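As structure tokens, one chain now follows by itself in the form predicted alone.
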């Protein structure tokens, strides 16, 4: 049996560590005797670094030197998180690469989110070592299903900084399905509704007899319990401003106290109908120099009004995942709740209304992800051999082809690891190279998607367009990293690219793309049809154009005039038409006229083919595109 691999849920608000002992997962208590560790790190004047509960206690006393919710910034550019940076009580700044970092006075340097993550992971690693009585070197760390490649790599880096080899970055909903025991069921479909502190994720999984397969995943990386806390904070700030004229947003200490009070009120209203928020000495009146106190009653009904739109957004994402999995709410056997925000009565009520059944209550929403990570750890260490886990890729991947179209090789929600190959050809005669441009997204127009990278395949033997056979392969490994290869079948020459983390998508872009896709679905279908029809027209008109150029003397002056006019009209339609109907009309016209000359065109094409075979080497201009072979 291999060495122990621990499972860690590195959460936005709290983190948990678990390990499988004697075939059963155990949630390990931390140094303070708690099963849950706040994801908070604080630096003291004496250069001591506090983690977890001791750090959380210092948040109000020293807000500028205490970092919480660092997961919202990990693997992100500063520009992406500017809005949420203003809502925390410590200072978020761009580092020299433009990444989000924290300016911590007591640390005497810029601290990166990976370092904050590493301090939390190290504390959990030490707690596990204490519990097991042996050194721990390997871990499975979970991430939201919608984390992009950059965020996954940054999470791995945090593990490395903590002295851990991260053997797998596992999607949180998939971990929850493992903990729920989906692999032991008889063919069940479950929906994991993961409403954490910083992110919302939903995944639909199917399993039974040792196999767990992810059918669809969707999410929003800017939607979490922190948004609910912010709503309560905003309400308190506005109420206080109405009463006193003072805006507490400028006071970092007051903000931190408001955040804690908001979080506490949210928790209390999960089991009480109203709560009293009392913050004595919240600030000083600038005129009278008298201390001011904040005291407010908040009812559950008022809170539900404040946050209903947030909860409704989660249900919209659930609908999208169901549509992707081609399922209806009644097809789901069980709804597994993950994350502290699922304890909110309104959340449970909306889920019950939507699915027509109560969510499953058999797993602890705070611990389920870490338990699943520990089970995955035991599978990887060889301790548990009876489970096969199949995850999915969240967005479609493809290349740009003729007319700027996006040709998808791997559609979104395809199980990974996966390898898909397709054969393409050249778009110009005697082309000796093609550029392969890789995109990720849902639009049929390549440039409307996220560009991931490109490379050139050269050394293609010169031949008429449509003759070369270029095989393009997309390969996604178990960690979700993409490798693209292009190979000329005639020469065996190949070129490849591995999509680097820095070129991964941001969550905001993923979200935006999917929303855009849903909003403009019909328009996208029309654009796709337009591109396809223009390609079809080009296929019809190209041989006529070529014969007019190279064998005009074979036609009478009247024939030449009619065909030249037809080519000019068709080229204008290809360049300017905005509606599929215009192109269809021109295609019919070309087909009608071409049929008059079919015998002559066929004879000329045969002669030209013979000439081509006699040509040895005639280099064409560089290609920038590729076209699928029919």
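Owing to the predicted nature of the structure, the values given are computational and were not obtained by experimental measurement. Residue numbers count along the first chain shown, from 1. Note that the rigid core is defined as the largest set of C-alphas that superpose within 1.5 Å between two forms.
The following text describes the form predicted in complex with a small molecule, which does not appear among the structures shown.
Stretch 259-267 is the contacting one of 118-126, 465-473, 259-267, 315-323, since its residues have non-hydrogen atoms within 4.5 Å of the small molecule in the predicted complex. The contact residue chosen from 344, 310, 216, 486 relative to the small molecule in the predicted complex is 344, the criterion being a non-hydrogen atom within 4.5 angstroms. Only one of 377, 144, 159, 225 lies close to the small molecule in the predicted complex, with a heavy atom inside 4.5 Å, and it is 225. Proximity of residue 394 to the small molecule in the predicted complex: non-hydrogen atoms within 4.5 Å are absent; the residue sits far from the partner. The closest non-hydrogen atom of residue 196 lies within 4.5 Å of the small molecule in the predicted complex. Contact check for residue 441: every heavy atom lies farther than 4.5 Å from the small molecule in the predicted complex. Of the heavy atoms in residue 173, none are within 4.5 Å of the small molecule in the predicted complex. Put the two forms on the same core and the Cα of residue 72 is off by 2 Å or more between the shown form and the other one.
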